[in-house]
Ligand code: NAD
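What follows is one chain in structure tokens, specifically the form predicted on its own.
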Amino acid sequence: MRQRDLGQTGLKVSVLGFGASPLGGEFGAIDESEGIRSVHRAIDLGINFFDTAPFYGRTRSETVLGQALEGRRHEVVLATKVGRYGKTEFDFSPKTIIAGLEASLNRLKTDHVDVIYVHDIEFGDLALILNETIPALMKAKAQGKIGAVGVSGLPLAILQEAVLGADLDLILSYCHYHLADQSLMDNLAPLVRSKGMGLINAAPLAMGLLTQPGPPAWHPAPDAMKQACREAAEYCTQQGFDLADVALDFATRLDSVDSTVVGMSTVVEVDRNVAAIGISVDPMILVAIEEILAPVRGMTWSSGKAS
């Protein structure tokens, strides 16, 4: 598994990252023992970057991941988040995020995390986040509880504001670099790189849109986007491929991001995701997929206060 430098943090992360939201049951029921085995399998195959959050499964993801990493914590770069605790529960005040950090460390069975993100900043007061939340996390960083500080969110514009407004270590963007949307590369990625920050691309399967089973019922994408992705999945099946494999290989080929994080919770998923990197796909199949997805290229959905 290839690794890349995570900005200027001094950390090296695998090009494929383990998204632990499924360990919290966000995409359906899980077997926790299988989830733990999937973490071990991922480490054995060279995946060293693990991303979780208290929001995923309302602390379940962190709890399962913490159990899985017992005895292997030293082998991974561990990331979690603060500020979001439920579907509509956000609190970015310094007191709450520091308490949240301590609770996360307890669930993850560690004395520090390598990366912390302010989670889904579009739901908060950006001035508060820039002037109070991030400085509080930087203080925790100075105390050795955090290795690097970043922010995450869906709208690219607010991530750009954060890059310009704070001295961050990295940014996590999701659902903006995949087969149906490469808008991450328009402005945010060049800006992040110009600042020497790390860049993580999450959800290269667009939270299930670019899979054969399709997205979960709660998926917020417009119907037209869901339909186009279904057609792309059917086309790939006819050609003897799985759309998810094609999409994952497409995303991990991008050198402008340090790691591409995809959700996993079973050994089969881990094996399949690792095998997808570097698969050989006829260029004409990619052209056909692009044509199917062209009508919804760059389509997204609302998220946060300004939406």
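We number the residues from 1 along the sequence you see. Everything quoted here is computed from the prediction, not taken from an experiment.
The following text describes the form predicted together with the ligand, which does not appear among the structures shown.
Identify whether the ligand in the model of the complex is within 4.5 Å of every residue in the set Lys12, Tyr85 and Asp169, based on non-hydrogen atoms. Per the other structure, none of Lys12, Tyr85 and Asp169 touch the ligand.
Given a 4.5 Å cut-off on heavy atoms, tell me which of 251-259, 265-273, 34-42, 65-73 is the interface stretch with the ligand in the model of the complex. Checking each option against the 4.5 Å cut-off leaves 265-273.
So in the model of the complex, does any heavy atom of Ser152 sit within 4.5 Å of the ligand? Contact with the ligand, yes.
Interface membership of Ser104, the ligand in the model of the complex, 4.5 Å heavy atom rule: No.
Is Gly208 close to the ligand in the model of the complex, meaning a heavy atom pair under 4.5 Å apart or at it? Result yes; Gly208 sits at the interface with the ligand in the model of the complex.
Quick one: is Pro204 in contact with the ligand in the model of the complex, heavy atoms, 4.5 Å cut-off? Although the ligand is absent here, Pro204 would touch it in the model of the complex, with heavy atoms inside 4.5 Å.
In the model of the complex: members of 19-46 within 4.5 Å of the ligand, any heavy atom: Gly19, Ala20, Ser21, Pro22, Phe27, in sequence order.
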